[in-house]
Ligand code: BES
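What follows is a single chain, given as C-alpha cells, in the form predicted on its own.
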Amino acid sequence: MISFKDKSSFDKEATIVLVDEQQVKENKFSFQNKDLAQQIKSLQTAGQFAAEKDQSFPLPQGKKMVLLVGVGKKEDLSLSALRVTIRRAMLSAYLTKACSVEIIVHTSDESVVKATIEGVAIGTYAWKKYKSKPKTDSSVDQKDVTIIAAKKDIYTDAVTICAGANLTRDLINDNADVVTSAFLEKTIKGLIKGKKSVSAEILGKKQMEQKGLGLHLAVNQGSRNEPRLIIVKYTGNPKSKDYVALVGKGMTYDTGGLNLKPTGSIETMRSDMSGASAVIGVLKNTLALGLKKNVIFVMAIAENVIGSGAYKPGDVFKSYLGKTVEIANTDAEGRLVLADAIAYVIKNYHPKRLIDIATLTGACVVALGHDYSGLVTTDNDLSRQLIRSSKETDDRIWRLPIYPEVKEAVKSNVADIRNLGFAKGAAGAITAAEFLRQFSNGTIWAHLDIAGTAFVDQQCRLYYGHGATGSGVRLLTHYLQNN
C-alpha cells in the first residue's frame, strides 16, 4: 500500500532518504531533522557519503533504520534512473524485515514523486505465487509505504495506474493452463460487473463460425480450449460518438504451431498474450479512474498449439473481412487473430481510431532491443500523441516506417495475401504491420509491437524484475487521459 503525508516523522521501521550532491554540500535538506542532517555532514567530512549516484549508506536508529540514498547531481538525474534507484533501495537487505517504510524525496517536483511511486509499485513487484516460503524466512514482501509529498490526485492516479499494470503482469506470469480464454473471460467479467456505462460482447467458437472469423478460428484449431473475442464498450462521455478501440493479441500460449518454436524461444510463450493483458490492465485503470472518454476494449484470445487438428502451412483461410490468406508460417499467428478482431470491431463498432498492441515479431526485438516497443502508423497526429505519452510514462516506443512498397511483401500466389513478408525475414516488423493495416479499412490506426518489452527473461531490466513488465498499460492509460 502507498500513502502520502506532508511532513516526515521518521516513525516507520525504515526511512529512505533521497539526497542529491548539492544538498550535501550546502547541508540543506528536504526534511526537518537536525540530528540526521548533522550525521550526513559528518559522513561527508569523513569522505563516506557524498550523495553520488547509486551511493547508499545505512544509519541504524535504535530499532529503526534510515537508508541514505544518493541521486548524484539533481540536474543530471533521469526519471528512469530514479525509478531504478528507488527499486534498489526498496529491495535493499537493510529493509528486508521492515513492514513500514517512509520515503523522503529530495525535491517536491511532481515528476519526481510520480517516478518514486512507480519505482515502488512497479519496481518491487515480484511473481511469487508458486514459491514456497521457508518457515525461518522473516523477510516482509508487502510493505506499507508512505511517500513524503502532499496528497494530490495525480499521485493517487499514479498508484491506480500501477495497479493496472501489475494486474497485467499477474495475468502474463501465471501458468498458461491457468490463464486460458475462459479464465480471461471471468477476469474481465469481474472487472466490469456492476459498472455503469459498460457493455460486453463475447464471441466463442460457435459465434465466430456464424460470423465468419476464419483466421481466428484457424489459429485455435489445435487447442482444446475455445477461442474468445471479448469486446467491452465503455461510454465515459455519452455526449460524444467518438470512440477509440484498443485491440490486444491474446495468445494464451504460442508453440508456433506446426512451425514449432525451438528450445530457447518457446519457454516464455505464455507471454504471447501480453497485448490482450495490457488492454485488460487499461480497462481496469479506465474504470478505476472514471475516465470521461469512450473506449472499446478488445481482447482477441486463442491458443496456438500442435496436434492433429492444428492448421497447416500452405492452407488458405477466409478472413472476416473477406480477404483470403495463405498460411506461409503457422508461427505468424498473432496477425491472423488480430486481423479478424480489427475488421470485426471496425465494421460493427465504428471507432474513430484504433490501436492494436501485440507481442508480434522477433524482428522488432532485433530492430529495437528490449527497452523500446515498435510503433507503426500512417497517421502523424496519432503518432505524436502516442510518443508524447511514451515520454511522459517511460513506457517507451519508437516509430518505424511503413511505405507503399511493403504491400508487395504480403502478396500471395494462391490467395489475396499471405501471413509472411519478404524472404529471410527482411523488414519483418514492418511487413507484419502492413498485414494488419490491410484490415483497418481506412480507419485511423496504429500498431504497437511489444515483443521485446513485454517480458524480462533475466534477473532484471531497468526497474523491472524477472517476468512480465506490463508494457503498454501506462502508455495507453496516459493516452486515453490526455487525448
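Being a predicted model, the structure only gives us computed values, none of them experimental. Note that residue numbering follows the sequence shown and begins at 1.
The same protein also has a form predicted in complex with this ligand, omitted here; what follows describes it.
Here is the short version: of Thr107, Thr378, Asn237, Asn329, the single residue with a heavy atom within 4.5 Å of this ligand in the model of the complex is Asn329. Among the residues Pro313, Gly362, Gly307, Gly204, the one placing a heavy atom within 4.5 Å of this ligand in the model of the complex is Gly362. Listed stretches are 220-228, 344-352, 331-339, 73-81; the contact stretch with this ligand in the model of the complex is 331-339, by a heavy atom cutoff of 4.5 Å. Contact check for His216: every heavy atom lies farther than 4.5 Å from this ligand in the model of the complex.
Using a 4.5 angstroms limit between non-hydrogen atoms, Asp272 touches this ligand in the model of the complex. Proximity of Lys261 to this ligand in the model of the complex falls within the 4.5 Å heavy atom cutoff. Within this chain, Lys249 lines the site of this ligand in the model of the complex, having a heavy atom no more than 4.5 Å away.
Contact annotation for 112-126: no residue has a non-hydrogen atom within 4.5 angstroms of this ligand in the model of the complex.
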